[in-house]
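In the form predicted alone, a lone chain appears below as structure tokens.
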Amino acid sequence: MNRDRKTVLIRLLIIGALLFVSSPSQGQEEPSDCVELGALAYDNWTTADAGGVGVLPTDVLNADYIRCKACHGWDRRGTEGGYVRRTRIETRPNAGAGDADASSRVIETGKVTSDMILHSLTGRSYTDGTASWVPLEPDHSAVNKADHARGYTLGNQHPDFSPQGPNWQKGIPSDLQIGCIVDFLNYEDGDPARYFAKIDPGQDPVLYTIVETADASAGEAFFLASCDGCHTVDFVTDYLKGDGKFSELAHKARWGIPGSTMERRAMGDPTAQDIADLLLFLQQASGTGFALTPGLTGTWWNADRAGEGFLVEFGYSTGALTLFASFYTFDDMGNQAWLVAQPTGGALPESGTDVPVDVFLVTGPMWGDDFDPGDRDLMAWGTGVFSFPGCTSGSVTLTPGAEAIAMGYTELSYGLTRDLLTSGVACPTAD
């Protein structure tokens, strides 16, 4: 590839030495200085704090077009994680969403090499970043659409950082930065899996389930000791309501922000456990750690009302999540009654954990061989609301309509638990 052999040797010696010193394979528990530098360089390698020269290369108008995190995301999953709904605009790429390049942006910890970062002769030039943006014109001509699509895809591709590439001597990352980015991305204790048991981009905003080892009380103590001097809980929890913000906070709280006073040392050199604790505390404070999922399916009841309860099933119908619930109970004369419920309007709310339902009373058919579907009488009994703030606790309120009231039914409201049986179905939760 016509690479200067001396340059190759120096690069390999530097990177090899860095990997030997700080590779997670050595059983290292604390991050090395190189790992910390790599974390800052992953954020923005042009800044002095990250070992850069402190300014953008002359060919770059917007830093996002050359930042690692801009395409791979803070959780290293690109559009398969917190950047699933990130849009492409002139000042930033969109991690590949909506363009012709279907390559995965997911980074696998422990498998990153310097060649993956250099993109020798396969990456783009800096000028093919922001300058490649071609807006669609009102007439949407064939030429204009082709230029737009070409520029859209090209701008989202990785820059070529290699010595033989088009960006050589234009402020590219140094050998030290490249080696340290490799170390950082291979540092097992820095993998987002240390904080998140699951990242669900199917939810809007992206739903982050914090690891089970997290302790909210410890997270509150960490916040008061390391964050409270600059940020209020309300400010941070409001910020976390944005799409993909939990993974951004995890990175910045663990490693700091280059070019700012939010430095790792100032925050007490947080560990992965500190960050997991912090995220759980903030998640519980903001109420953003739970969403309605099929994992809520199961038997819900109240021990004080043994003998009646709800069979609740969350599932997908034509691609949309919905609910069906049945309530085995009794009328005012002690006769067994069977109520069924479905979401009001036929669909679950777009957000929140409350589900308004329409409730019906089923009567008519006979037992066994005498069963005839034509005998079924489905009466509109009334309305209700199921509320599920977590995986194992909830509540229900049932409000009868005029016909049901005439039959002796009254409003009923009480708490529910799912401790009767274990469903075995995963359910994201903040508690």
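Quick note: we count residues from 1 along the sequence shown, nothing fancier. Note that the structure is a prediction, hence the values are computed from the model and not measured.
Separately, the form predicted in complex with a small molecule exists; it is not shown, and the next lines address it.
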Only hit among 130, 109, 226, 293 for heavy atom within 4.5 Å of the small molecule in the predicted bound form is 226
If the cut-off is 4.5 angstroms on heavy atoms, which of these, 404, 68, 391, 396, is the one near the small molecule in the predicted bound form?
68
When the contact criterion is heavy atoms within 4.5 Å, does residue 342 count as touching the small molecule in the predicted bound form?
no
Please check if residue 125 has a heavy atom lying within 4.5 Å of any heavy atom of the small molecule in the predicted bound form.
no
With a 4.5 Å heavy atom cut-off, would you call residue 156 a contact of the small molecule in the predicted bound form?
yes
Does the small molecule get within 4.5 angstroms of any non-hydrogen atom of residue 239 in the predicted bound form?
yes
Does each of 45, 105 and 260 have at least one heavy atom within 4.5 Å of the small molecule in the predicted bound form?
yes
TL;DR on 192 to 200, 178 to 186, 313 to 321, 164 to 172: the one with heavy atoms within 4.5 Å of the small molecule in the predicted bound form is 178 to 186
